[in-house]
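Take a look at this single chain, the form predicted alone, given in structure tokens.
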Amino acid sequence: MTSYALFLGCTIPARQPHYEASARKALTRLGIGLVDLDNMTCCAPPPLQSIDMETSLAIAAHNICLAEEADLDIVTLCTGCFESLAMANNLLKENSKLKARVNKILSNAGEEFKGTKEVKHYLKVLMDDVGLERLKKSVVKDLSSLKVASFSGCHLLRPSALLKFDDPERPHIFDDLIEALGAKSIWYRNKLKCCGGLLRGYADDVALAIARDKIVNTTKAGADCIVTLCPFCFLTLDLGQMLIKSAYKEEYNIPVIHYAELLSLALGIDPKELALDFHKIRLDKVLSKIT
């Protein structure tokens, strides 16, 4: 069994236990071991990088140091955490002077970044360690009548030169993994455009307008649901539909579901084990099409 240090970040354990539960159950069923390490901290997300880059890199590197001590690569669920940790890992591996400055900060905690481990998003783990063909063979439920609007968010793909995940202009890995489950991944207008989530708290009206655009476009395309990877995108599009109803007097009720939840359902994991009640928009429409 291949094992990884699981990095949950802050939002998932605090607000989305259904995401964590589904990821743990699905990855374990597919033979991926997940190890919880003590003393993991915040990933130092992109907004912190704009305040103090070296401090944010040191925070990210602290978590990588813990994985190096455990001799494990890191797997993330949140795309924001993936961007922060993978970018720090690759920047520090490539720039010895920057690595020395960050290690000076880390020395205050008795740590040293060596650059011996990798940071992967769990989609990459599915591609590398499971593979599309084994994933297809592991599916026990029929999802063939389900039309899915995939939304990867911004942080999975860029900065592409550092993250090296997928083509940032024509990404396909996420859609390939959806179709490996038997569902149909559909195209919709402005598919790669931001959900507006990071503007919440700063320009709420603009954030909601951008989220509404995403909901309108996926609805017009005939999607049965939106599938997300990022906990902030999930909140923006799931909870956001209640805010849209209040502000715009429009009701869409399009289910929003994390890929790990869809994967779990396709693998035959009982929906009662997935804490689906945490969704603001009910998943009845999705569940009725999984047989």
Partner chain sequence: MEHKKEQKTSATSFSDEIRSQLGGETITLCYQCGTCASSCPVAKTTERYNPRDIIRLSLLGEKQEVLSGGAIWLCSSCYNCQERCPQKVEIADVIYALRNIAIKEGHIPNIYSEFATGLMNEGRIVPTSKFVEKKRPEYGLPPLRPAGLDAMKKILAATGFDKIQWKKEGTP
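Numbering follows the first chain given and starts at 1. No experiment lies behind these values; they were computed from the predicted model shown.
Another form, the form predicted in complex with its partner chain, is not on view; read the next lines as being about it.
Proximity of Ala58 to its partner chain in the predicted bound form: non-hydrogen atoms within 4.5 Å are present. In the predicted bound form, Asn39 approaches its partner chain with a heavy atom inside 4.5 Å. The closest heavy atom approach of Gln49 to its partner chain in the predicted bound form falls within 4.5 Å. Of the heavy atoms in Ala100, none are within 4.5 Å of its partner chain in the predicted bound form. Residues placing heavy atoms within 4.5 Å of its partner chain in the predicted bound form fall in a single listed stretch, namely 81 to 89, out of 116 to 124, 68 to 76, 139 to 147, 81 to 89. The contact residue chosen from Val130, Leu177, Cys154, Val216 relative to its partner chain in the predicted bound form is Cys154, the criterion being a non-hydrogen atom within 4.5 angstroms.
Site residues Lys25, Cys194 and Asp205 are all in contact with its partner chain in the predicted bound form, judged by any heavy atom within 4.5 Å.
Of the residues in 196 to 220, those that come within 4.5 Å of its partner chain in the predicted bound form through at least one heavy atom are, in sequence order, Leu198, Leu199, Gly201, Tyr202, Ala203, Asp205, Val206, Ala209, Ile210.
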